[in-house]
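The chain that follows stands alone, in the form predicted on its own, written as structure tokens.
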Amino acid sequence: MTHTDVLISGAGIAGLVAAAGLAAKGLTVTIVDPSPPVQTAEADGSDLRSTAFLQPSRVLFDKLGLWDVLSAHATPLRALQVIDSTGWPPVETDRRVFKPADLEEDVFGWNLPNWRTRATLADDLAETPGITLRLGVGFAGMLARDDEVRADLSDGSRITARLVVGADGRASSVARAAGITMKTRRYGQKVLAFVATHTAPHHDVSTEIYNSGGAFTTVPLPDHEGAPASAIVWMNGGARALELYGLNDADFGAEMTLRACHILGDMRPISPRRMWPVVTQTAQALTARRTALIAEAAHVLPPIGAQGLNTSLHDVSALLDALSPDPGAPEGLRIYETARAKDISGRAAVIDLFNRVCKSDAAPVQALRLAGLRQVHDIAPIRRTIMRAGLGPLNQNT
């Protein structure tokens, strides 16, 4: 039986960043994940979402020495444009542009494709002292005691650790083994994620377009074979999402161009399409005996406002701040739970409400949505407060 200070189940982006931070504290870390990172967007299982890593996430990457390996793949996010629309084909009713200058920043953040971020971090951590990557091996169960955890892995081996971190997604095996239950809200929506090229430039601007069914979000990427490119996250009711998923590329591109209100010109998909249900899910606890949950093991949010992975990195930062030299000690876990529980529940409630308003096809709700957009943008103190809240905590002590 081998030993490690911290066992992390889940080699997604949050789990890898947590491993880097824990190793920087002098702890030994073992990461297990049954699905190794893919090396191309076209590979089976690739995560075709693109994350706008906001300023606090960049601070964390810098402090852990990770930004240098990621920056070559990053596209700056210079503004966020929000468009309200109604009907089909959608008719734009109004738009507002949020700029980082309001927060005395040059950019809101930097966009990176999730599959590439994960692969780049895994390659970097494979050479980091104190970190052992066991990719292709999963977490199978555990027995938590006061002084350590004995964990079983999917290859039949066993490992002991002073702390187990569940970073293993919305169906977390660590949460289940720790007896932590989930609260889930469903919306009857599905999200499509893919990459598209378009004839008009994006100017490093991310756009969210509201209409019945949910938000349609464009995230700027580097050019693809000389053409402007964006990652697309497109929410719809379940039946409509399945209909779109089954279209050929030409018909899908035509529907996408209409849904985007032609802001990027003619659009066409250039990657496979990924689809999954939209939910809000929160863990009923973030910790158990010598166990902590982070990222989608702790919370799953609808894909609005770049909150999902950035909230996950807030978890990582708080966990690194909370842990004592004995990483699984009860006091450190209590500090972590206290630091994150309120923020997670608050963000989940706000995004849940926002998604319900955004997806509605009821005229009174759409009128409320439009009025809210105008008020949030046009009243400067409200605009700055909302923008600051969206970024999350700026004081990273890790």
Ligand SMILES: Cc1cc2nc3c(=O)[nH]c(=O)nc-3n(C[C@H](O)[C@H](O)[C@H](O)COP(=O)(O)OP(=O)(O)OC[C@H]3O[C@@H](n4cnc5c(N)ncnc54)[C@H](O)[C@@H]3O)c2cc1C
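Don't overthink the numbering: it's just position in the shown sequence, from 1. As the structure is a prediction and not an experimental result, all values here were calculated from the model.
In what follows, reference is made to the form predicted together with the ligand, a form of this protein that is not presented.
Contact check for A11, V191 and N310: all three have a heavy atom within 4.5 Å of the ligand in the model of the complex. Heavy atoms of W88 never reach within 4.5 Å of the ligand in the model of the complex, leaving it off the interface.
By the criterion of a heavy atom within 4.5 Å, G238 is excluded from the residues contacting the ligand in the model of the complex. At the 4.5 Å threshold, heavy atoms of P113 stay clear of the ligand in the model of the complex, well away from it.
In the model of the complex, the ligand lies farther than 4.5 Å from every heavy atom of T128. Contact with the ligand, judged by heavy atoms within 4.5 Å in the model of the complex, is confined among 281-289, 156-164, 113-121, 96-104 to 113-121. The single contact residue among R273, R170, R78, H73, judged by any heavy atom lying within 4.5 Å of the ligand in the model of the complex, is R170.
The listed set L333, L60, V32, A348 contains one residue whose heavy atoms approach the ligand in the model of the complex to within 4.5 Å, identified as V32.
Residues W276, A295, E296 are the ones in 267-302 with at least one heavy atom within 4.5 Å of the ligand in the model of the complex, listed in sequence order.
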